[in-house]
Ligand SMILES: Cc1cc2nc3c(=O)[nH]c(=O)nc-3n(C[C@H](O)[C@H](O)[C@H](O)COP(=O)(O)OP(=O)(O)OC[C@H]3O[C@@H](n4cnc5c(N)ncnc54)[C@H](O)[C@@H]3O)c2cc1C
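Take a look at this single chain, the form predicted on its own, given in structure tokens.
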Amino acid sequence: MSRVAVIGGGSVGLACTLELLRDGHSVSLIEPGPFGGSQAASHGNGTLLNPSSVIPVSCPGLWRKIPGYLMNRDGPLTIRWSYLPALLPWLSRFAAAGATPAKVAAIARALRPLLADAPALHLALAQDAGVGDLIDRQGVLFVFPSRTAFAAEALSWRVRHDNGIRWLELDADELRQREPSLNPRYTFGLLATENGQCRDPGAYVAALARHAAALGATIVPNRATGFRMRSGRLQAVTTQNGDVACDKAVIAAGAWSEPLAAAAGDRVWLQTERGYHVTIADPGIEPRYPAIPSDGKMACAMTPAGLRVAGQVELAGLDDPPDWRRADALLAFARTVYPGLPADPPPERVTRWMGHRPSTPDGLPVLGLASGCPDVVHAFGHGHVGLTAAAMTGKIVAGLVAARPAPFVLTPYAATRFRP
């Protein structure tokens, strides 16, 4: 068995760690921050485990919308003017990736097997770690002001249907029976029955880390900086405080993965899609289902800390300060979704968060062997589906380390797709 260094202790890195431990490898887990802490993308996730999330953010006609995104500070997608020059090469590829319905359909086909069994796979991981109660499988509601609003998204739902995703259609009365707390303005809904929820992603990741340590993983509280190789083979992962000797390494460092991929021989197009959430403690309502309103493009879900409303895509630099207006826009819109929310909750009951989604232009992760060293495995760039895809990614990575056949074709995820 191999000595494997896993770089990154988020949901993807921990799923990889646990699957590698299951195979009998010796694993060092390199993570500079607390597992599931507020610095981690996993911590602030919208909590949803959505096999239905096969549609990329990029869509036909995106170029026509970009000027509006630059001007509208309250919309679901914004771009910081100051970051635009650095962003343009990535942004041009982003717009091209979803430029036609055929391209959207191809991305969906590639994502579907990575997401298909997510709630069941995460439930198994959570039960092994003693926190099975954190995973719910009750489905997720997609709600619309009207059937006309649903029809406006016909392409995305047709693509989902073509990929085997099914749902229950709910009229206004059925929607109200399922979710009384919703604003009556929502008169049509879909219940995606195979979707689920991780009620507290931060606690879940922390539990997986404790479980990995109990199974023998060595925790290295450090930041990886590169690799030491000899004759094309891996000798160690270099960190800010010394080397971690290993035979294999997994890059699962989220938004910080690009320079590590370059050190392993692959130039990738990776940007930080900054996401925000706001959590209202004691919200005065308790929705039965997680919900995604079509006019808000956000996830609304109950967590142990209160109602979490998560979403937004802000394209800006890793080191740019948060724009808390993005979180405030979520809070304001949440009141239109749930009229029972307090109009002006006390500040101590409202928490705001911002984190970094590691996003590729085409919405597909980078998953596979590195070009410059067969001992390094890429497992990053999951964008909006990091938590959902983490469990299957762990299985694929363990299979790559063991040279087992993949459960499905990995070509769409290859780092080589970014070559000119």
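The numbering used is simple: start at 1 and walk along the sequence shown. Because the structure is predicted, anything quoted here is derived from the model rather than measured.
Here the subject shifts to the form predicted in complex with the named molecule, a form of this protein not shown in this document.
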From A192, A316, A224, L270: within 4.5 Å of the named molecule in the predicted bound form by heavy atoms is A224
To verify the annotation, which of these, P119, P290, G275, P283, has a non-hydrogen atom within 4.5 Å of the named molecule in the predicted bound form?
G275
What stretch, of 245 to 253, 227 to 235, 101 to 109, 210 to 218, brings heavy atoms to within 4.5 Å of the named molecule in the predicted bound form?
245 to 253
Can any non-hydrogen atom of H378 be found within 4.5 angstroms of the named molecule in the predicted bound form?
no
So in the predicted bound form, does S52 come within 4.5 Å of the named molecule, heavy atom to heavy atom?
no
Any chance G394 has a heavy atom within 4.5 Å of the named molecule in the predicted bound form?
no
P60 near the named molecule in the predicted bound form, any heavy atom under 4.5 Å?
no
So which bits of 380 to 396 sit within 4.5 Å of the named molecule in the predicted bound form, heavy atoms only?
H382, G383, H384, V385, G386, L387, T388
